[in-house]
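Read the single chain below, which is given as structure tokens and is the form predicted on its own.
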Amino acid sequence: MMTQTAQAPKLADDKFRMIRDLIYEMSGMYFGDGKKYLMESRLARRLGACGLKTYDEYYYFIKYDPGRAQEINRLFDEVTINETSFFRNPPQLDAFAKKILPGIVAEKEQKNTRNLRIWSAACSSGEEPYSLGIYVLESLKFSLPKWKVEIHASDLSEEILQKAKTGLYGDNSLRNTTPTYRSRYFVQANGKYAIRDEVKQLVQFQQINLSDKLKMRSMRGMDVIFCRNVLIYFDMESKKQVIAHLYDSLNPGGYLFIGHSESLHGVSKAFKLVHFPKAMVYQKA
């Protein structure tokens, strides 16, 4: 097997576009010509890992080989950034924990409909949905047994989902976690932090490609959706399709969180922009 980068052939423009377009076809993620430098080293790693000599061979492998599914997952892991942590972007989570979640809970208590559905639509290694689970436990406290709580967590990569299901994390993942939450919701063992079962049992993981219309249609009745730092991977047409599906997934009045540097300007006019301290959230009218 060749070494990952030393013997890898140079990624020609036409080969880059060929593989780039296949990634787009499979996932909706689009990488412009300016991303070729980023893709070259990552594709070279996959070429080496598969023991292939040319990018043509790699292209035909991921397009036609009967055993390509696992490699496609590994390819998606390479070309996306799975950098995350618990309680990432505090202003957005403060808006969720202090304003939005209490409001939803109070409204449902009034209506005597104690069901809560939240979707972390790009959950990576699980820090986001588990963070949301902690906030739900903090909010509902002793009334939790009266509620049906579902936190759905999905990602494109099956490999990263397997990591999320373990619920094991290092110090870096907990860098934004208060000492109180560390002691209350984690068990420390062998230099790792394990999320407690009371949080884990709230979260259901599944693989969902956001460009998969059939799977997206199966996600309905959500009160809140987090889909942060994902739109950057899509072109305008794919963004519109994904956001339209997320809109349909929300209950009337439901909330959509996207990355703090992302915007729905030019993508959708179906949402109302709601302002919170240092955070903006989209609401289904």
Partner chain sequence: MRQVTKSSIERIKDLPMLPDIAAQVLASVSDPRSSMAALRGLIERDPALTAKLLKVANSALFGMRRQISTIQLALVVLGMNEVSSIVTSLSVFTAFCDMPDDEFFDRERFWEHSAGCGGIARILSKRLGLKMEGREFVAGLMHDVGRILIDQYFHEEFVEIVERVQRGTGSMRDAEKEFLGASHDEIGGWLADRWGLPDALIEAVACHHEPTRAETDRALTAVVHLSDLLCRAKGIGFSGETEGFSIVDDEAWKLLAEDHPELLDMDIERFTFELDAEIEKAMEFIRISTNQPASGGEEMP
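Positions refer to the first chain, counted from 1. We call the rigid core the largest set of C-alpha positions that still match within 1.5 Å between the two forms. Computed from a predicted model, the values in this text were never measured in an experiment.
Not pictured, yet referred to below: the form predicted together with its partner chain.
- For a residue to qualify, one of its non-hydrogen atoms must sit within 4.5 Å of its partner chain in the predicted bound form; none of Gly51, Arg228 and Phe257 qualifies.
- Between 235-243, 213-221, 34-42, 54-62, the stretch whose residues reach within 4.5 angstroms of its partner chain in the predicted bound form through a non-hydrogen atom is 34-42.
- Among heavy atoms of Leu273, some come within 4.5 Å of its partner chain in the predicted bound form.
- Put simply, Tyr247 is far from its partner chain in the predicted bound form: not one heavy atom of it is within 4.5 Å.
- Among heavy atoms of Lys15, none comes within 4.5 Å of its partner chain in the predicted bound form.
- The closest heavy atom approach of Lys99 to its partner chain in the predicted bound form falls within 4.5 Å.
- Contacts between stretch 233-271 and its partner chain, counted in the predicted bound form as any heavy atom lying within 4.5 Å, involve His260, Ser261, Glu262, Ser263, Leu264, His265, listed in sequence order.
- For Ile23, the Cα coordinates differ by 2 angstroms or more between this form and the one not shown after the core has been superposed.
- For Ala244, a C-alpha deviation below 2 angstroms is recorded between this form and the one not shown after rigid-core alignment.
- After superposing the rigid core, the C-alpha of Ile232 moves by less than 2 Å between this form and the one not shown.
- Inter-residue distance, Tyr30 to Lys269 (Cα): reduced by at least 3 Å in the predicted bound form versus the depicted form.
- In the predicted bound form, the Cα atoms of Leu156 and Asp14 sit 3 Å or more farther from each other than they do here.
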